[in-house]
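Single chain ahead, written as structure tokens, the form predicted on its own.
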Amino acid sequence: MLEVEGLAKRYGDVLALRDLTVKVDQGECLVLLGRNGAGKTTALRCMAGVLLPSAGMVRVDGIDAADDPAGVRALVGLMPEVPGLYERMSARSYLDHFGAIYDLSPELRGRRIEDLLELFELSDAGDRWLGTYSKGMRQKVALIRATLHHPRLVLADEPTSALDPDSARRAWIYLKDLQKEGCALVICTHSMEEAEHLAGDIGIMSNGRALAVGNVVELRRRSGLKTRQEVRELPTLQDIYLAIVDNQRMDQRELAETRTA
């Protein structure tokens, strides 16, 4: 469903993303982990066709984003970290507006809107201006907007960061249901729990690069960590993430010292 090869994005002298190559099949989920500035959001925007990459290829369901960006955007639902809602519209009017842009019939978009407002406990607030919504409520509306048209690929940047635990779990279940229907997911998050709950593969990013991509077992092997003997349990995903990032820092330090010598 998603093929990315050699993706790079430069902002002036800053190379924000470099040589990213990943693949996500239908019904699968790739989670991108990394600190702020690691390149996750830039990668997501390039995948969605919002940003033009400096190099590399993005293909969604066989459509090359460089050749047909509008065709790619029609297949993609993008949920940015900052929702960017129209504050002087009600949730129902706002979602109806986007449903029309997605070319959904009035009957279908009305049904989808009401079903999703109910799912995310927003039905009673659906006629209030979005400017009166809390941060968590705005995030729910952004998730509904991104998935209203049943996209083939959902790209979500920190989709549950502002949600309370109950709402976050509701969002996870919803995203898992989309997977079961064949939707591919790429999610950027800082939450290890979210990554383990949703992901098939996990990409660990740092300084614009994917240091490692694979399932938890493959990443554990890549990290070099063994079973933590003192408690006789496998390393957590956080242990694995920190080990891989620290290994990269050590490699960079050794390379710099070699060059200096």
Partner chain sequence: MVAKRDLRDAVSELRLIAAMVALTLAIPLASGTGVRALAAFGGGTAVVNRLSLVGAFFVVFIPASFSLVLALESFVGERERTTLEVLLSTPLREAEIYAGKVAAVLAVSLTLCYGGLLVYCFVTFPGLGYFPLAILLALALSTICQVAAMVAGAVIVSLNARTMRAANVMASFIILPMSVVLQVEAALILVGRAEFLWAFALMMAVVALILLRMGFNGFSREALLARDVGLRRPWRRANAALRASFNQRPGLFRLVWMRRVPLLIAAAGFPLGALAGYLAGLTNLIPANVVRPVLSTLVRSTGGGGAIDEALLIFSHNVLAFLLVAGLAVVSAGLSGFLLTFAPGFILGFAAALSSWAFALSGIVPNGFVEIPAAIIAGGLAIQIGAAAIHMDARGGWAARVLEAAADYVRALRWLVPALAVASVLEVFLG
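Just so it is clear, the model here is predicted, and its values are computed rather than measured. Positions refer to the first chain, counted from 1.
Beyond the structure shown, there is the form predicted together with its partner chain, which is absent from this document and is the topic of what follows.
Every residue in the set Asp13, Ala70 and Ile101 has a non-hydrogen atom no more than 4.5 Å from its partner chain in the predicted complex. Comment: its partner chain is not present in this chain, but in the predicted complex one of Arg45, Arg59, Arg220, Arg209 has a heavy atom within 4.5 Å of it, namely Arg45. Exactly one listed residue, out of Leu119, Leu108, Ala74, Ile173, brings a non-hydrogen atom to within 4.5 Å of its partner chain in the predicted complex: Ala74. Of the stretches 110-118, 162-170, 91-99, 184-192, only 91-99 has residues with a heavy atom within 4.5 Å of its partner chain in the predicted complex. Leu52 belongs to the set of residues with a heavy atom inside 4.5 Å of its partner chain in the predicted complex.
Taking non-hydrogen atoms only, Lys9 approaches its partner chain to within 4.5 angstroms in the predicted complex.
Contact annotation: Pro151 falls outside 4.5 Å of its partner chain in the predicted complex, judged by heavy atom distances.
In the predicted complex, its partner chain lies farther than 4.5 Å from every heavy atom of Leu130.
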